[in-house]
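Heads up, the chain shows up twice below as structure tokens, two forms, tagged structure 1 and structure 2.
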Structure 1
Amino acid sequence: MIDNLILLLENPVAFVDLAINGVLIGAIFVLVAYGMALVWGVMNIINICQGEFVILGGFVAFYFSKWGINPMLGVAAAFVLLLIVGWILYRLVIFRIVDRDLFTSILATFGISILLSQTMNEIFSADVEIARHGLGTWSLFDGRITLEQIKLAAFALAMVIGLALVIYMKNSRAGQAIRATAQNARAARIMGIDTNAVYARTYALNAAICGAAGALVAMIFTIQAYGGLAFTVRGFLVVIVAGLGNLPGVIIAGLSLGAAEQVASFVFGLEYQLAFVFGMLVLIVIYRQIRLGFRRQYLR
């Protein structure tokens, strides 16, 4: 551990290289987290099957690349397909748990996550797959910093999707309806908003965002039917840090997580990559709890 730290301090360029790559990867976490925050904020559901949506989207890109179609188009295709999957899931299961307590929703979406990963295993087999993108790598400083074009493209794409979402939520009638429902579902119903339709739209939108992120994952890393959990955990951490309904916060937290994770796995070793994320989660929750204890407005 200490020798790794020294190694990093001796090679500041490697540190920069890691951080840049981490930030670029972080854009994918931002997408997953944003979808999660949306569903959580509007429907009060913690969606455990985020990761499975990601992997399913990844398989869309995989098939595009297998059929010789540019997998970049797979991002759009995954978005559309997962929109449909999300809508169906809402109509089948999720509408039953909207008004229930958090525990019920966690249990239900956990069930969906198991079901989805097993189904993917049946259909796509347990093989590790990738989507080929054909993009190259830029080398800076004699190859000591490498910028993968695909990661840059993913970053840009994630930002575009994020921006489009902000505009959609702020300006479109449908977006306004979602926000109104989030603020007060009962009042929204009285004002004539079909909250059930809003929930369906929200859940489908979340699945679609995850699907797009998954297509990017298939082009940058690898996908495997059971590989979803890691993305759910990261999304959860980002939402916990940033809070609900705080898009700038989600972006900053997601990108920082990406960078922090890379540096941490360099120093502590790769086997602690996800353990680091969990550790952060615990620390942040404890910190929150302590701060909450000092607040005056809470009467005990």
Structure 2
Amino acid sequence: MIDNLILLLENPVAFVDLAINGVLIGAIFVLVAYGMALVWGVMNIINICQGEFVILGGFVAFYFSKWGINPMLGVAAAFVLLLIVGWILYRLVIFRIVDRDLFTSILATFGISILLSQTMNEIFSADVEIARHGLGTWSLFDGRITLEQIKLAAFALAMVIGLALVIYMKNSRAGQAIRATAQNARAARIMGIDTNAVYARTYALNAAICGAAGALVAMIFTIQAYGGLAFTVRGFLVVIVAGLGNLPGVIIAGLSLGAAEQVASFVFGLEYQLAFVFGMLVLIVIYRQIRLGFRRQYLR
């Protein structure tokens, strides 16, 4: 570890290479976190099955590549498929836990995550898969910086999806209804907004966002039926760092997490990359609790 850190400090170009590649990957984390923040802010539900939506979307892209279809088309297909899955899950389970406490939502969505991961294991097996995309790699500065074309394409697609979501939320009547419900659900109902339909639309949209993100993940990382927890933790980490309703914060936190992961995987080793993410989550939660304790003491 010390040797890797010294090598990184002595070779700033290597740090730039890791940071750039991390930022490109971080755009996917932004999508996952945006969907989680949307459900949390509108429905007061912490969606623990967020990562399973990502993995399911990844399998869509994988099978597209396996069938000889460009996996990039799997992004749109995963969006549509997960939109339907999210709507069905809302009608079967999620509508029963709206307006309940957060602990209830955690238990319910954790149960869904187990169900989805076990189902994917039965259907797709527990093998580690990757969607073959056929894109190459660009080398800059005599090969000292390498950029995979798929990462650039994924970054661009993630930004396009994010921009489309922002436009949808600001300009469409459905998006305005979601924003109104997030601000005050009771007032929205008084104004004639069907909040139950808004909740269903919100949860389905979150699943669709994760599905599209998962299709991009399958072309960059490997996917596996039980690999969803890592993306749930990443999304949760970004949201608690940025705060609910803070889109610029989500973008900055997501991109920063991607860069930090890449640097950490180089310094500590690839096998500790996920451990770094979980460690970051623990540290930030502890920091938040200490900060909250100081605030309460100060207000007294």
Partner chain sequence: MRLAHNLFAGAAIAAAAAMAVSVPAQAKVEGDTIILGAAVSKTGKYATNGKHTINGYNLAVELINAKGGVKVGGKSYKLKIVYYDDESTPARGAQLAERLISQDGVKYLLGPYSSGLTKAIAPVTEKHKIPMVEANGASRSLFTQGYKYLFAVLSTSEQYLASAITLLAERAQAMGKKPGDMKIALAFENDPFSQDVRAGVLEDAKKYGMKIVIDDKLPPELNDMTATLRKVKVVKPDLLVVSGHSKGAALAIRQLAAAKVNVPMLAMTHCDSAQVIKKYNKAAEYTLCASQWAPSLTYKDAVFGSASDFAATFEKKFGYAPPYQSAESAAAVLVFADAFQRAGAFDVAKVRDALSATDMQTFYGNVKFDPTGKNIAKPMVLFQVQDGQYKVVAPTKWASSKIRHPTPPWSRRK
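We call the rigid core the largest set of C-alpha positions that still match within 1.5 Å between the two forms. Because the structure is a prediction, the values reported are computed rather than measured. Numbers follow structure 1, counted from its first residue as 1.
Matching each structure to its source, the form predicted on its own turns out to be structure 2. Core-aligned CA deviation for Val16 between structures 1 and 2: less than 2 Å. Core superposition places the Cα of Tyr287 3.4 Å apart between structures 1 and 2.
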